[in-house]
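First structure 1, then structure 2: two forms of the same chain, each alone, as structure tokens.
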Structure 1
Amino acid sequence: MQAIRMMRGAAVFAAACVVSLYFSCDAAADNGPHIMGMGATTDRCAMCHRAHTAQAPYLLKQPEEALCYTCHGTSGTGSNLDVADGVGYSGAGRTGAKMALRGGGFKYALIDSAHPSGNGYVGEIPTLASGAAVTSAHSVDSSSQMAWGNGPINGSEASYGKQVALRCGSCHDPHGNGNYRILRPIPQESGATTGVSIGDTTAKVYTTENYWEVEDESAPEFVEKISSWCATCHTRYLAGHNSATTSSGDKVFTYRHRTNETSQSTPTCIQCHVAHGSNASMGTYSAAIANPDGSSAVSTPAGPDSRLLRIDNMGVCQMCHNK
């Protein structure tokens, strides 16, 4: 990323490939109703909760996924951010330019994963004009997923991780907490005891025109801390510079690609993977890679599991190594 630094201009999300999008809508992450300290007489509790006629746990008027999608779903009316379809809009009421969300989408994404260009940290992954069905996504409907690598280094027996039932609120605090994207310092169900807080910013950058450029210049702590935040669940995936040649001592996650570098010019989890969902496709060899426990990855209707990767066939490797 040294070269990227030289290319930065005045654009908020730079390299001339990323467009900033600032929303002033009723319900965008760390905006709208998701702000801590709303005061004793706030009217916003009634948006989501019912005291005596709730239809879901935590006194929610709907199950959590459906409730979040009333604002952030395909037909949601409360936010310009459609996380189901992986798009954001520049104008109020979902008008104006339609752009690709940085985190992809839970059902569809606009990642042109088949046409990357460049190499190293100076590269581009374009966006699609319309969404493609995702081939991997984090769960938001309370269904169980394996948090691979969860737990401490274990040299005495094979330990793979643990099953977690993910919801939107597992990672995000709907009441607001002053953190970047209202991320919880400790995601629920993670089992972590130490949290990671990523500082928030006034300028909100939700969309991109280049999925290889992962920085958010309006939030300088994002790249610095995001790998440590991911590792609150995927503990043993956090690895240092020499981890590819030095054994961790773990029976399963023994040699690992580095992920915990904190400067803007070194690998992080978010460089290779998106947070919500990817439409990348996997070929013969990529699709055949088993899960850490040896089981076959479960394919989706759109194709083999893409592990939230940004480029087809694990092409993220070629972007840096160019073999």
Structure 2
Amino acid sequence: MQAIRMMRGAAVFAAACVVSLYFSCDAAADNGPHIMGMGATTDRCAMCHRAHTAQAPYLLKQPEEALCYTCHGTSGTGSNLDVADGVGYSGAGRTGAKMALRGGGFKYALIDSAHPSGNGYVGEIPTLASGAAVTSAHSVDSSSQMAWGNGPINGSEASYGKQVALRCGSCHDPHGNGNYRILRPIPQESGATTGVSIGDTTAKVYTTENYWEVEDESAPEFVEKISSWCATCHTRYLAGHNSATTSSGDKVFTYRHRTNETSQSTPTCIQCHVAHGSNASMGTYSAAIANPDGSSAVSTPAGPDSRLLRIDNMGVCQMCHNK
């Protein structure tokens, strides 16, 4: 199983190099057009920027979601990674086998969230053969959204977070930066002052066959540092040992599940949540969970807000606690 996964990863990587021969492929880090150090006479800025006739902030030739989707969307062929549908292709130009992307997807995802198995820290969440519409996703259209928990512990008044115009470029640096998945050490508008750099991998494995296995074997820093990274925006969601029984002093985020662990099958943000979007479905009680400020969570046409969770209802709890 492991060997197959690695082989497929290698195939994806090789295919990426075929597709992007135009770009540098000696990439020890980064990938596609997103490779740092573009050089003194680079042509590449013109792929995305216009000097006088830009149509979106940061001098972009088109708004960001659409710009990224020209290659990473449903009909783009410029990348094998279709993050809208949650699908990674094994061959060049959207050919070959369809596999499930690690991050889930923004419109559809391939998480078989209804059929987890195993517990006691080992388990499996299989993948679906075809996409199911997502019930939650990070927004990527630059609309203003509440980054829950942003900011320090506040014991004097209820503070819920900060409005952020979230987009792909909030989290990823499209210019390349040598970090895992070109993640920005300090996401745009996070307000963080300390950056979290996650070391890159040379074996680019973007797909998974088991959504419970969240580590990236060739990038150990991913699972080690991802909670700290997510907490650059969701500051007060990062909680240590005994935080479930010891008050943080915060008016809103008072008692919290531990999230600051650093390895596979332990409570890290990415163990319970995917990064992009999930198709998990929520039942009576899970669907009724309000947002931290008491407002109702917004339902999608596919069902109530699943909060990027990897398993239906509160299935994630049972993977570790089996009550």
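Think of the rigid core as the biggest set of C-alphas that the two forms share within 1.5 Å after superposition. For clarity, every value in this text was computed on a predicted model and none was experimentally measured. Residue numbering: structure 1 sequence, from 1.
Both panels show the same chain in isolation, but it is structure 1 that comes from the form predicted on its own. Once both forms are overlaid on the rigid core, the distance between the two CA positions of H257 between the two structures is under 2 angstroms.
Taking the core as the fixed frame between the two structures, we note the C-alpha of R50 moving 2.7 angstrom.
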